[in-house]
Each structure stands twice: as C-alpha cells, then as structure tokens.
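As structure tokens, one chain now follows by itself in the form predicted on its own.
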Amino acid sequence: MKKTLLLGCLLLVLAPVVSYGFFNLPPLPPPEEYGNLLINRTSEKNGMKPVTFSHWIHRQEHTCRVCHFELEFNMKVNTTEITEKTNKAGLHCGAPGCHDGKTVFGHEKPHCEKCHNGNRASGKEKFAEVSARLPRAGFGNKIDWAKARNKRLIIPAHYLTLKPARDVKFTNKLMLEAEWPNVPPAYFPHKSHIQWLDCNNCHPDIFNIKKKTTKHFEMARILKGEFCGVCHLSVAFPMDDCKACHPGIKSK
C-alpha cells in the first residue's frame, strides 16, 4: 500500500515531464524553411512544378487576415481551388494589390518559375538579412513576429480592400485549465491574435464561440493539426515553445 501511494505521489510530481515528454513533437525544418509550403493541388497534374509559398516573406507585408479572410485561402494547404485562370481573373494570389502585375510581378510566363519551382527553400538567401533586423525567438523562424510588429519594425497591411467600419478591439485573455495533473494552465490572448487574424479564422470552425464548449480540446489532437495546431505546428511558433502558452511550466 505504501509503495503504491509513493508511486502515485512520484507520478504527480513528474507529471509535467511525463505529459510533455510523451508527445511526439514533429521535427522542425531550418528557420529559413519554417512556414514554407508547397502548393501542389493541380500543378504537377498540369505539367508544372509545385508552387513555393513562404510565410516569412509575405508576413512582412500582410497579416494572415488578408490571405485567409479577404482572399479566401483555406487554412489547410492544397484545399483551396487555385488555378491560373482564377489568378488572372484577380482572385487568390492575383488579387489587386498582390501579384497583379502592377503591385508585384504577375502571372506572365517570364515569372512562372519564381513560384512554380518546387523548392521549399526558395528565397532562403534573403532570410539572413530579414532575421538580422528583427527580434529573436527560440523556435520556428527564430523571429518574434509579434514583437516585430509591436515595435513597428514591420508594418504589415491588415486589409486590401475589404475594411470594416472599425477594427475589432476584443482583448479578453482566456485561461485554459490543463487536463494533466500538475501542468499549469494555458493562456490565450485575443489581443495578439487579432493583430494578425480575423475572428472568423478561428470561430466557429476551429473553436466554438463560447468558452469551454469546444469538445476534445487536448494536446494529442492539437499535435494532429486540430485547434491551435492548425497554425502552431507549421507557421506560428511551434509547440516546442511550451512556455509561450503554459507560462508556469517548469519543464517540457
């Protein structure tokens, strides 16, 4: 009985180590490739190399809201029906203010290989200059994008043409109790997310609009790309940075 009780107490003390050590975090690519995607819904079927898209290049100029709300790109790669025809019609990447041939290079043949190169590391030669002038972080691109914006080292546009009457000022910070014993709660700050996203990027498809009504919200599912894992596995800072969400945690 005493041995069982002692073992139980030991497991409670080691719970943070057990719980976070249990999860198999996906390996991280090099900083210059973190957030880079290969868009290949129909490219190779039509005799073209996949399109390379770099989040770190584009987020200097536009917030996530522009692409994932105004331009109607789905959050999951290769699920948006992008074609050369839609781009040339002024949709998706070809929207006015983007790759329209005026603001940025368009979809004429001399420019095809700038995007259709099939190389996830495309543009990495520019990364050293970008990372050198922006605040450092420990994971992902090793760039603290929120701090870079707050310090106005980057001023990404939050709108193209679809601008509401006023910006959302919702600043509530949610405390999310952890399911594991001795693991401190996670905190979700609306303020820092609204700087980059629109409310409907998360609600109601990813999270129920009401607090504590999202079912099966747990780390195992997050690491499968659900909930926070939609962004915080491949674009926003990765799950390796436990303290970013669980500030009270003492171990990974």
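Sequential numbering from 1, following the sequence displayed. Quantities reported herein were computed from a predicted structural model and do not represent experimental measurements.
This next part talks about the form predicted together with a small molecule, which is not shown.
Inset, instruction - Decide yes or no: are 58, 210 and 228 jointly within 4.5 Å of the small molecule in the predicted complex, with each residue judged by its heavy atoms? - result: Heavy-atom distance to the small molecule in the predicted complex: all three under 4.5 Å.
Inset, instruction - Decide whether residue 127 counts as a contact residue for the small molecule in the predicted complex under a heavy atom distance cut-off of 4.5 Å. - result: No, residue 127 is distant from the partner.
Legend entry - 4.5 Å heavy atom contact, residue 176 and the small molecule in the predicted complex: Judged by the heavy-atom cut-off of 4.5 Å, residue 176 is in contact with the small molecule in the predicted complex.
Inset, instruction - Report whether the minimum heavy atom distance between residue 134 and the small molecule in the predicted complex is within 4.5 Å. - result: Because no heavy atom of residue 134 falls inside 4.5 Å of the small molecule in the predicted complex, the answer is no.
Legend entry - Partner proximity in the predicted complex: residue 199 to the small molecule, non-hydrogen atom cutoff 4.5 Å: Close contact exists here: in the predicted complex, residue 199 approaches the small molecule to within 4.5 Å, heavy atoms only.
Inset, instruction - Just give me the single entry in 155, 162, 168, 89 that has a non-hydrogen atom within 4.5 angstroms of the small molecule in the predicted complex. - result: After the contact test, the surviving option is 168.
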